[in-house]
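Presented below, as structure tokens, is a lone chain in the form predicted alone.
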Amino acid sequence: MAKNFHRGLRIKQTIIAYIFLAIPAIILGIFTYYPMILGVVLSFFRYDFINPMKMVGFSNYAKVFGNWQFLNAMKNSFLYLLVVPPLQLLSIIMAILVNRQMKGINVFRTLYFIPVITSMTVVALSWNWMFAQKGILNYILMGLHFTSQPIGWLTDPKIALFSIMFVTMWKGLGYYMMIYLAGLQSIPFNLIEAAMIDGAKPAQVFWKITLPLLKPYAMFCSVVSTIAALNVFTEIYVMTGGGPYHSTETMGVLIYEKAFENLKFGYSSALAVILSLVLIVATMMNLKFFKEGGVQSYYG
């Protein structure tokens, strides 16, 4: 009797577990996998939301690779990857600075994290105001006599993209800082203590112990920041719309423009597929580079 009861209980628990697994799987299927598959299929059609769909094969892809706008957008997207190394380095430094047991340290952690939870649209509009020709940044620089005329932070094609990169880095700093902070607090203190007893200097402890043990966290942050950099859209669309003269137009902006402004949904889908392949390659490269590291490999 007891055996049958426990068997029935296990069956019931298994069924409930599968139900809980099935619900998010269905949601993912409807809102993620179905649009993704449909996007790949749509890339082989000509579709403008008005006329019937027409099969064109690889014609959209041929047009993409022969278009200067695509090459320019891809160049800007790869250029945006310059955000990743300084962002990770500054995040690690900030995590080390706030990884202290001192009065009021939680206040600083909160202050650094506030930009992360602020809407990107709000952040972009705020920095738009500061970067304006008569904005506060130019006012300060001219008041301190660093420049005699306003700098076109968002109107000069040579520096507009780098200005937006700074905004992206400023907003994401707190997010990656918290991840690295979690990594620092997971490092066994006895490793650091043993190294210091053996005469290791703080710099040696950082390079030989702390940094190798942070490798799994660096892998996650690098993958996420790389994907975010290649996918960047909101701050560019709000601050410059891809201008001036397409100097800040990235793949995300170009995909949106072709789909919702030019109604070239097939062409836009081809762009999205190409970007997805680039993201997969970039992710695999990051995973290969950071495949070793962490506490377990250190003990191993």
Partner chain sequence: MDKRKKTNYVSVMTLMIFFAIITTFPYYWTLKTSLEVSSNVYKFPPDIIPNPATFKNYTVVWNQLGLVRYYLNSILLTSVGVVVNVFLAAMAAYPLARFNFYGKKIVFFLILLPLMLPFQGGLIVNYLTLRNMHLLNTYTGVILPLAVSAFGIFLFRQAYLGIPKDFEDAARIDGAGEFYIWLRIMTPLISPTISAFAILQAITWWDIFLWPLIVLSDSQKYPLAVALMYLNSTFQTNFKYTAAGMILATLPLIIAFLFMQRFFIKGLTAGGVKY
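Remember, it's a predicted structure, so these values are computed and weren't measured experimentally. Residue numbers count along the first chain shown, from 1. Throughout, rigid core stands for the largest set of C-alpha atoms superposing within 1.5 Å between the two forms.
FYI, the form predicted together with its partner chain isn't displayed, but the following is about it.
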Handout entry: Listed residue (A194, L71, L211, V116) with a non-hydrogen atom within 4.5 angstroms of its partner chain in the model of the complex
Key = V116
Completion exercise
Students should find that, of M94, A200, M169, L161, the residue having a non-hydrogen atom no more than 4.5 angstroms from its partner chain in the model of the complex is M94
Practice task
Consider V56 of the chain shown here, and say whether it contacts its partner chain in the model of the complex, taking contact as heavy atoms within 4.5 Å.
Solution key: no
Problem - is_contact(I27, its partner chain) in the model of the complex, heavy atom dist at most 4.5 Å - result: yes
Exercise for the section: Flag V205 as yes or no: does it have a non-hydrogen atom within 4.5 angstroms of any non-hydrogen atom of its partner chain in the model of the complex? Expected result: no
Problem - Exercise: Y18 in contact with its partner chain in the model of the complex, heavy atom 4.5 Å - result: yes
Handout entry: Partner contacts in the model of the complex for 113 to 143 (non-hydrogen atom within 4.5 angstroms of its partner chain)
Key = F113, I114, P115, V116, I117, T118, S119, V122, L125, S126, W127, W129, M130, A132, K134, G135, I136, Y139, M142
Exercise for the section: State yes or no: after fitting on the rigid core, is the Cα displacement of S276 between the shown form and the other one at least 2 Å? Expected result: no
Handout entry: M285: Cα shift of 2 Å or greater between the shown form and the other one (core-aligned)
Key = no
